[in-house]
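Before any questions on binding or motion, here is one chain by itself as structure tokens, the form predicted alone.
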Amino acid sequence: MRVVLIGFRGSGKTAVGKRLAGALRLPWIDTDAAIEARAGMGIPAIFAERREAGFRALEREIIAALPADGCVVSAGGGAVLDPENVAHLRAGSAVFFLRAPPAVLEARVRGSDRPALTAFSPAEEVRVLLAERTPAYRSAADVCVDTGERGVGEVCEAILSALFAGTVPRASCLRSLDAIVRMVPSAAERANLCTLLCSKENPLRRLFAITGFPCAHSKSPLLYNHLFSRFNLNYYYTLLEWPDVGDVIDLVRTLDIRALSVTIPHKSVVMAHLDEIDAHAAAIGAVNSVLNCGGILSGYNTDWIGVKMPLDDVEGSRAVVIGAGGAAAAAVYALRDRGMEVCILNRTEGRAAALASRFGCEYGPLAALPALDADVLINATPVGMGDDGRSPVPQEHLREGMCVFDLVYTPPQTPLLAAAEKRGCRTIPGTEMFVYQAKAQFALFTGIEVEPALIRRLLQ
């Protein structure tokens, strides 16, 4: 067993780590103390001589060399900002985020000799850095534990309870079996989940899921379970196919499901059931990722990153988006983030107008495409999906040199992309959107960065 404590200065990592190590009869390692021992000087002197970059380099060395098992680790407050550190800390570990309100943390660290990391006052520095780091703490943790009003002994008891009994009472697991039976289409998967929920052998194994209606076709369970195994994470990813996303969110809260991928038709409706919405998701008007940290459900959108990243080396300033739904909103947001002029075209022009008004774009009917001379064209409609042999754009409306990005990813070669290749266009398949949104979502859910090439291989 390896237990890792993360969190901001003053959250209790040192005192809790010592007490917890004693209770578990394991050695305790404080990474900051290990850094000082390696450098032969205190942290203030390290910062004075080597700056923060030198300190972080030592921190990476110490974390990479930690024992793989049989210890309790108290990690430095900024350690989780480095995905490489997160991967090392997470592997085979139970990671606990100790959190407390800013005022409590500021009071606890007042008078510390630790060097300032900003030009702000000590109190303001706590608030600024805590706001910056909290997303990383949430992503890198298995369990979130409040320490603001709890003593060291109470926090240790909460951690020990999670380690040996899990985060969900057995009665709640048993009450949820009926919901599992309803929401999981596969009989084999239903049996697997029932066994997992009722077993006492691995109480801290955390559930993840995708929800939609339908979603049984999703590649996410296979992809995520491969990645969980690769990075030695004690997680399992399943699917919850159900028409009412409110029922799904109730199950997330009851079973303390760690994170949820959200697909159609729930991306907008789910927002009303969450506690927090990220600024990007709020602007797009859709959530495709939900992270559960200590019962607080936060909504995010990684679809727009899935659109933006494949276009990273594409030149041009004018783009056309076909469609006016949630995928179109993510595409427009990504293009506007790149500073491009965008025109939204849709069969129902009124819907295009409504979306355009949100982002300050032009709009029009599909027939307007030939006159727009676009550098980039994105299909954000389902036309061409599966056995649909249609293209949303006549081949003669595509021009040589245009970049055509079809967000449909089944099949990988859609009718639109086939037509675009014949016209000499650069093409980007929808699988690339899936790859990059999955990369961003996996980082959000775990704090670990995955290479796009690995995701592509796992999807083959």
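Owing to the predicted nature of the structure, the values given are computational and were not obtained by experimental measurement. Position 1 is the first residue in the sequence shown; the rest follow in order.
This protein has a second form, the form predicted in complex with a small molecule, left out of what is shown; the following refers to that one.
Undergrad: May I ask you to check whether residue 348 falls inside a 4.5 Å heavy atom distance of the small molecule in the predicted complex?
TA: Residue 348: contacts the small molecule in the predicted complex.
Undergrad: Using heavy atoms and a 4.5 Å limit, would one call residue 326 a contact residue for the small molecule in the predicted complex?
TA: Answer yes; at least one heavy atom of residue 326 falls within 4.5 Å of the small molecule in the predicted complex.
Undergrad: Using heavy atoms and a 4.5 Å limit, would one call residue 267 a contact residue for the small molecule in the predicted complex?
TA: Result yes; residue 267 sits at the interface with the small molecule in the predicted complex.
Undergrad: Using a 4.5 Å heavy atom cut-off, state whether residue 85 contacts the small molecule in the predicted complex.
TA: Looking in the predicted complex, residue contacts with the small molecule do not include residue 85, since no heavy atom lies within 4.5 Å.
Undergrad: From the candidate stretches 378-386, 98-106, 229-237, 132-140, select the single one in contact with the small molecule in the predicted complex, where contact means a heavy atom within 4.5 Å.
TA: Heavy atoms within 4.5 Å of the small molecule in the predicted complex occur in 378-386.
Undergrad: Exactly one residue in 393, 408, 404, 46 has a non-hydrogen atom within 4.5 Å of the small molecule in the predicted complex; which is it?
TA: Answer to the contact question: 408.
Undergrad: Which listed residue (366, 361, 372, 163) meets the criterion of a heavy atom within 4.5 Å of the small molecule in the predicted complex?
TA: By the 4.5 Å heavy-atom cutoff, the listed residue in contact is 366.
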